[in-house]
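Single chain ahead, by itself, as structure tokens, in the form predicted on its own.
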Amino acid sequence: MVDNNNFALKTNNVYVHYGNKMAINNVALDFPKNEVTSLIGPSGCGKSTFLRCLNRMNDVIDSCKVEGSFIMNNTIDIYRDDLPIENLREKIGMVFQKPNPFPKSIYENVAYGPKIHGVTSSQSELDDLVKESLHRAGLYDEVKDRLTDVATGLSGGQQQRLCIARAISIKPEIILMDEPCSALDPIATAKIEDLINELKENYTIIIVTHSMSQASRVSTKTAFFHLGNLIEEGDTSKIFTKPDKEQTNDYITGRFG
């Protein structure tokens, strides 16, 4: 018998339309706690659209209609009308494809969310939280002597780790990552992947990636999307070595995509 308490988020009967165009077709996918799930598939397959459903980023698109069941921690309907979006985004953070630090200091980038959400009650508590978040993002030792410098002066990889520190500073339960390494060089990518492996001890991570090798390295579960359909999902090792569907095998082996 499946223990529902082991899942951070469960989705079912998910449909997404942009106007008359269907982008997601009847997807059901569950996300285990403290694991990394990769969403893979060719460009335009719906994986990023699906990811953005998970913290209601699609709400800002007028033509977008989302249907289905999205249940967090077996109790919270994240599309409930009376659930404030800001409360949801405290629990489900997001890191985007391109690093997007605020044009503020390194310190203020991390402190901004906790200030807005009232996470801390004193300056010293805020200072400790900023330091802890930068440590967890593997960045503190590189920036500890220049916390007042403008964050846009950091390298691309450092900026992305800063964005991860910013995301975890408000103590979310789930972190969504949409192609977090696509704009980074191989060295910076390796640092982000190492960080993902460390973060899963405390967070549930859902990552969209075009990189098959990255999905195989960082995730315990993989879901393959194609043309808005969830073709197959399961343990990453099985998906990459012995998938059930021929379509999955064709994509993994590079026959299409």
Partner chain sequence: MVYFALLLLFIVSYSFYYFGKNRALKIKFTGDQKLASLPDYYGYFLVLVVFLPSLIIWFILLLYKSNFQELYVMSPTLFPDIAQWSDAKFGLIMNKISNLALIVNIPEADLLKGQTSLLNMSSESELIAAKNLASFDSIYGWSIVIVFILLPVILGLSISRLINQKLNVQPIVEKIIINIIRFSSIVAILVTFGIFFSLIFEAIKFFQYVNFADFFFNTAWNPNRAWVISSGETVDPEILKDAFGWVPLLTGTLLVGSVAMFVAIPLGLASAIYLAEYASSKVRDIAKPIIEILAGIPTVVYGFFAALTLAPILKNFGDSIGIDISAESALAAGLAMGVMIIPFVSSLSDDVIRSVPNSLRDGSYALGATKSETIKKVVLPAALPGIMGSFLLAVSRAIGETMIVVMAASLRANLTFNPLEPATTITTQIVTALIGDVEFENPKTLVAFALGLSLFVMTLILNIIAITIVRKYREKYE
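Residue numbers count along the first chain shown, from 1. Nothing here was measured: the structure is a model prediction, and the numbers come from that model.
There is another form of this protein, the form predicted together with the partner chain, and it is not shown here; the text below is about that form.
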property: Site test, Tyr107, Lys131 and Tyr140 vs the partner chain in the predicted complex, non-hydrogen atom cutoff 4.5 Å; result: no
property: Contact residue in the predicted complex, chosen from Ile175, Ile170, Cys181, Met72 - any heavy atom within 4.5 Å of the partner chain; result: Ile170
property: The partner chain contact in the predicted complex: Leu83, any heavy atom under 4.5 Å; result: no
property: Arg52, heavy atom within 4.5 angstroms of the partner chain in the predicted complex; result: yes
property: 4.5 Å heavy atom contact, Met94 to the partner chain in the predicted complex; result: yes
property: 4.5 Å heavy atom contact, Pro103 and the partner chain in the predicted complex; result: yes
property: Option from 182-190, 131-139, 111-119, 72-80 whose residues, in the predicted complex, bring a heavy atom within 4.5 Å of the partner chain; result: 111-119
